[in-house]
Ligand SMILES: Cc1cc2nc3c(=O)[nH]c(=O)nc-3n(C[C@H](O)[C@H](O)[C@H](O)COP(=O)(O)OP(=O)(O)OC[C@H]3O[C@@H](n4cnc5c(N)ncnc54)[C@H](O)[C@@H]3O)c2cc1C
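Heads up, the chain below is alone and in the form predicted on its own; it's given as structure tokens.
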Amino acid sequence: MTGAPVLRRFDAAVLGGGIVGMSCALHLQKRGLAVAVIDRDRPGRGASYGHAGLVERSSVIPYAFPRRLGELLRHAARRGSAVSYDPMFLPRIAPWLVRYWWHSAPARLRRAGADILPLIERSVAEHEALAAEAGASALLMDRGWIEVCRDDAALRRAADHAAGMAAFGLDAAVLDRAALAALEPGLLPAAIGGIHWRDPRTTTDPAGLVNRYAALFESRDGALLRGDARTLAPAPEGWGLATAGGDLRAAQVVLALGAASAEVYRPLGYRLPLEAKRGHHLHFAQPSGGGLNRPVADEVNGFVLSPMAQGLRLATGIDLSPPGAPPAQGQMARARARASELVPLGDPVERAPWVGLRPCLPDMRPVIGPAPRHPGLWFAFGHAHHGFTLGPATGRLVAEMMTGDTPFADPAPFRAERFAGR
């Protein structure tokens, strides 16, 4: 602590101004708590800014570690943009990768999907509720997204997968070339069909949506403060934290810093297996004569093209490199080359790709719930590829647990106690 006068006392302090943190703060605030959000940057500037703009209701199966030999060899050769890696970094995270591979076995993957399904099922409704309160409903569009296919065999496989997903109540349409062209006339002939996943919502400005949630929070007397979460320490009647305006006290604290959460929980003695998959994006000028109307994903080649306020966003797959390493330019170049076969990309509107960190745990479930050894400390991180999707549902679940309400979903699968050495 700084020794400065106590700034204010709060019922709860939320560490992290991304979508998960802002959602936790809003739900706690709606239950009558005085809440502060602390971050070292403005809301929505981390991973909440950089993804493909999807509230991904259709992603009912977690992103698993590849288990087929051919797929593993293809990723090892880095032939596409789905996977990139730094060979010198892999030995450091090898134990984590082995655990990820183990949890990706079919039966364990089904169990992980079943555990997280209640949050996925509430993802759209919870986002829409917050957006309506924030006057930001126009930022959430119901156009869905399209999984494009480049040949008939790929389209048959995608159609079979979509048929299997009907058991989850998902609305998906198989598109032939004509139907695809009617929805997305800007696509080039390399796209011969696809699957239109209609349940997800999309946004052209994910950071802007988080900022609208932050404005709603402030309008309800919430405090947005600059501070360093690493100064968190137990204090009389709760927790203390240093902010730019002085020291803060809070009865309870929610740790929602995504991949940076480890910088706070490790000094407190927790050893959770949190690692970061890096993701990249680069914006291009929309093609003259029309661009895309909704996100389009090429899952075989591992990229998504999304219309954004800044231009056409090309988002890559995963990159296993040190968090602070330079952008994976080779991965972006491969994605750009394959994306140019689908859409005539304009010039880049940025000098270098943006790099973000997806906080991932090897069992493909986030950590949501009380810290085992520190009363009043709560965890809400590790959402992997779906932080933006699951933020509002996570905020509701955290607030219900913290205030003694009946949780809308079983929180047991997300507790930190599931990891040895916690």
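The numbering used is simple: start at 1 and walk along the sequence shown. Since we're looking at a predicted model, the values are computed, not measured.
The protein also exists as the form predicted in complex with the ligand; that form is not presented, and the subsequent description refers to it.
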Requested in this report: Mind telling me which stretch in 62-70, 361-369, 24-32, 48-56 gets its heavy atoms within 4.5 Å of the ligand in the predicted bound form?
Outcome: 48-56
Query raised in the report: Using a 4.5 Å heavy atom cut-off, are G80, S84 and I146 all in contact with the ligand in the predicted bound form?
Result: no
Query raised in the report: Should F388 be counted as a contact of the ligand in the predicted bound form, where contact means heavy atoms within 4.5 Å?
Result: yes
Report task. Answer with yes or no whether P200 is in contact with the ligand in the predicted bound form, where contact means some heavy atom within 4.5 Å. Result -> no
Query raised in the report: Within a 4.5 Å heavy atom cut-off, is R230 in contact with the ligand in the predicted bound form?
Result: yes
Query raised in the report: At the 4.5 Å heavy atom threshold, is V398 in contact with the ligand in the predicted bound form?
Result: no
**Report entry** Contact residue in the predicted bound form, from A339, A276, I116, A260 (heavy atom within 4.5 Å of the ligand)
**Finding:** A260
